[in-house]
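Below you will find one chain, with nothing else, as structure tokens; this is the form predicted alone, and questions on how it binds or moves follow later.
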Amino acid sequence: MRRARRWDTGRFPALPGDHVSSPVPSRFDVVVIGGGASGALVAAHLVDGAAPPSVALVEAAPVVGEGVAYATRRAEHLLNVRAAGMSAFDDSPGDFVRFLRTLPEHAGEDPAVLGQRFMPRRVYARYLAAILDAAPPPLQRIADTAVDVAPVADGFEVELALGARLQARAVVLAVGNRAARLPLDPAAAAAVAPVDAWDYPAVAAIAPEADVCILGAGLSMVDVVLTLRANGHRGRIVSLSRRGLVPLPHAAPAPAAAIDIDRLRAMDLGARTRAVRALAASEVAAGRPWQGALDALRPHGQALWTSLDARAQARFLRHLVRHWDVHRHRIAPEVAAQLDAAMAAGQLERLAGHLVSIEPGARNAIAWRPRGGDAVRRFEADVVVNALGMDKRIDGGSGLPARLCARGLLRPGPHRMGAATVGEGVPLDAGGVPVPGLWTLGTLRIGDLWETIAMPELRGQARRVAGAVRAHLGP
């Protein structure tokens, strides 16, 4: 395989804070930035096999393999996929279940029964950590945060927050998720001090008698409600989102519906939507769960997205995305039962509308406009929780992706979501040229692939990125 061209470093301007002449204390073949699930798996694949490259895994968190999703220590936070579907490796589908059976609490359990359970996410974090613990010595963990990546003559220089600089022939950006910004102008948003739904200890510390406003109605909202209920919460809980739709539950295991995916891909967006709805209705009419229709689409999400033109993708994002999310990103039946109980008891109220303003004070005054209406309504809450999910934009604000956009190494992806990429996750620079020696996966590929953050996609991307990196490095 022909080696990719080297950087012409003169194409990229210096940025404030650059120190081109600084000595480089550490050299690696590969630096993987981010130690969540995607970064951990890329690193594990890179050092697996003969003559592995030297790899640095840069992650400030004390435990690698967690990221946002698996950093929770709360027992009530369950995986959204049964254990049988959560192997970290495409070629070993029963790997997670085999790991579970090594734990004292699951030793001797029937693997078929164990595979149908929705396990706590904190257990999955242990699984990913165990994978890395078994990695050979060429993998070095560095407890720090990468704040910049700059091209140099023989690869890249990675600047760390504590001052160290790493030189690498290749870099993998596995930066994971960043919380979405409040849908307010920057000055108004800066005046609000919401609790981050992904700050699990902060959510657990909310006083039981507090009235809570949760912005968002997706999986992060579900986590917050579960923790509040586990803590015996007595106050009012209000979820405010644009459509008021919440994730739907998984059904009992059943075969996926039969579907002609090539015929579906040939349809426009409207025809696809009607066809999927008809398929779900036919499943229900035949006495089978509607979930089988979505399960039939599950392996083809990326192909369905990339076969739409830009206008159709924009229409999907404007009109259908929330309906897709609540049907596609389903929750465990026992979790759905908790939500239903909270709503039936009047403890949890779902509001559908647009956030107008938040006036902080002794109690936060929240103004909102109901969906389809003009009149502004108001209510108060002691605590506001940001459960709006991930920020899909990489330009603007702070953080490494924004820095790399300013440097010209990244450009926003389609619909300003994630980063523009080609091939197995090679970013395009500001001029639209692939960046040799740089890769990304997971969240940063959402604009190009849409379905890119769940384990079936992440494990495949991690394996392919590692293979592409090793090919780039050569023998």
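This one's a predicted model, so the numbers in the text were calculated from it and none came from an experiment. When you see a residue number, it is the position in the sequence shown, counting from 1.
Missing here is the form predicted together with a small molecule; even so, the following discussion is about that form.
A single residue from the set Y200, F316, W290, W324 has any heavy atom within 4.5 angstroms of the small molecule in the model of the complex; that residue is Y200. Contact annotation: of the candidates T273, N231, Q338, T145, the single residue with a non-hydrogen atom within 4.5 angstroms of the small molecule in the model of the complex is T145.
Stretch 53-61 is the contacting one of 53-61, 416-424, 403-411, 430-438, since its residues have non-hydrogen atoms within 4.5 Å of the small molecule in the model of the complex. A residue is said to contact a partner when one of its heavy atoms sits within 4.5 Å of a partner heavy atom; L245 fails this definition for the small molecule in the model of the complex, lying far away. In the model of the complex, the small molecule lies within 4.5 Å of some heavy atom of Y70. Though the partner is left out of this view, G176 does reach within 4.5 Å of the small molecule in the model of the complex, counting heavy atoms only. Looking at V31, you'd find every heavy atom of it more than 4.5 angstroms from the small molecule in the model of the complex. Each of A37, V81 and D223 comes within 4.5 Å of the small molecule in the model of the complex, counting any heavy atom.
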